[in-house]
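Okay, here we've got a single chain as structure tokens, the form predicted alone, with questions on binding and movement later.
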Amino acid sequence: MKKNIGILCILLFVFLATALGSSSFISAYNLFNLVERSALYGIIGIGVAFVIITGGIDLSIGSLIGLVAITFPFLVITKEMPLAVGLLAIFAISLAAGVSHGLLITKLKLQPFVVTLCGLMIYRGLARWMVADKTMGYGEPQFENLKLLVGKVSQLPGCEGLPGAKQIPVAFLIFVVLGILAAIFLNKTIYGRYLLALGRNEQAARFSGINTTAMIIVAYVICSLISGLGGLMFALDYGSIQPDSFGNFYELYAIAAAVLGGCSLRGGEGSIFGIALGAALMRLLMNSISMLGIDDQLEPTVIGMVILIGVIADEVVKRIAAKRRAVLQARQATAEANSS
């Protein structure tokens, strides 16, 4: 909770600084886009959080997003398949990716870094090969109804007259629902507690009777399915998809959002609310760089510095807290020895 407060303070500071530095920052159009993109990054951040909580990592998210974004219009437009078949196909691809990652990690004992790094290259190559590096688009009439996923709440049936519905992105509602479900799963179900226990100490979790193999596979499947959903929504939002670049670095943004939000790369720790703050901060930084006239080429540098500062601050706070606990325990032990 303390870390969430710290991220929230940084978020408010960057927001106010950007608002003072650029009058167009607080325009309705920009704020709508900011909330929508924050929600999209938050969605894939939730997905990767399940893997990070187990002590793993998934570097293939960006390439999987690119593969999903290319496969859908390729099947629907080029191959003239029904929309439902295209949707089933992209989620089947996502499911297969998650299962294969989990099996390779649990059955062959391969490192998650190596498995998902190979996935990053495999999925990107498949996307480029499938369409021969041709740009695919979502401008066809078949996709109009699906575009509601990245539209405004006022565009949904029965929501036309709701107050403020024109300013609320549908993607934000999807993110909120997904976040609530993820928080309930992690904090209120036995399987969520299994994942947290697995991340803290896999061997102890196995000895206590937890099926660690199944839980690791579940974590990677959840991550890949959510990435598939995120890939579809990103594609609908952007409209034009380049197979060689779409989704590049998205895995790093998702991991950064999760880590900033309190997920420990050592595993066993994570907060969905913190991930929401981390995703919002990531997107706000990107938007602020553009609004304040900072060279776009410096965007990775600025974001990297903020993430590094956040991680350093978190580590320093943890060490100070650990020293305080050690001092208190020593004092307590001394007091008990003196009293006896």
Partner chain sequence: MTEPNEKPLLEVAGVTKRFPGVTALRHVNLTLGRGEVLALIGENGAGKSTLMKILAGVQEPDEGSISVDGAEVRLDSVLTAQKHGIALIHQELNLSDNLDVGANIFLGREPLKRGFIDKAKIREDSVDLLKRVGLDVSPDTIVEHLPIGQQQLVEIARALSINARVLIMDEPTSSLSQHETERLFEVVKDLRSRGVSVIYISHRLGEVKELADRVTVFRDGENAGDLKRESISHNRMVQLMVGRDISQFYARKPHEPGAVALEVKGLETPANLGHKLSFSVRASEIVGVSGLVGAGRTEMLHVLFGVDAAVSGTIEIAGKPVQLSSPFDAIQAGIALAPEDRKQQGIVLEMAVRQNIGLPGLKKHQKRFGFLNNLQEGDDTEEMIRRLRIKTPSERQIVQYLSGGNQQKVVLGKWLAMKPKVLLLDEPTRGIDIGAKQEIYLLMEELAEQGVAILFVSSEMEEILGMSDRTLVMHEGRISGELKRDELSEEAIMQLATGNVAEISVT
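Please read these numbers as outputs of a predicted model, since none were measured by experiment. Positions refer to the first chain, counted from 1.
Keep in mind that the form predicted together with the partner chain is missing from the display, and what follows is about it.
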Listed residue that, although the partner chain is not shown, lies within 4.5 Å of it in the predicted bound form (heavy atoms), from Q142, S240, N201, Q167: N201
Residue (of L75, I210, M130, V153) lying close to the partner chain in the predicted bound form, criterion heavy atoms within 4.5 Å: I210
Distance check, I190 to the partner chain in the predicted bound form, heavy atom within 4.5 Å: yes
4.5 angstroms heavy atom contact with the partner chain in the predicted bound form for K79: no
Proximity of L95 to the partner chain in the predicted bound form, heavy atoms at 4.5 Å: no
The partner chain contact at F172 in the predicted bound form, heavy atom, 4.5 Å: no
Segment that reaches the partner chain in the predicted bound form - one of 240-248, 80-88, 107-115, 181-189, heavy atoms within 4.5 Å: 181-189
Contact test, all of Y194, A197 and R206, partner the partner chain in the predicted bound form, heavy atom 4.5 Å: yes
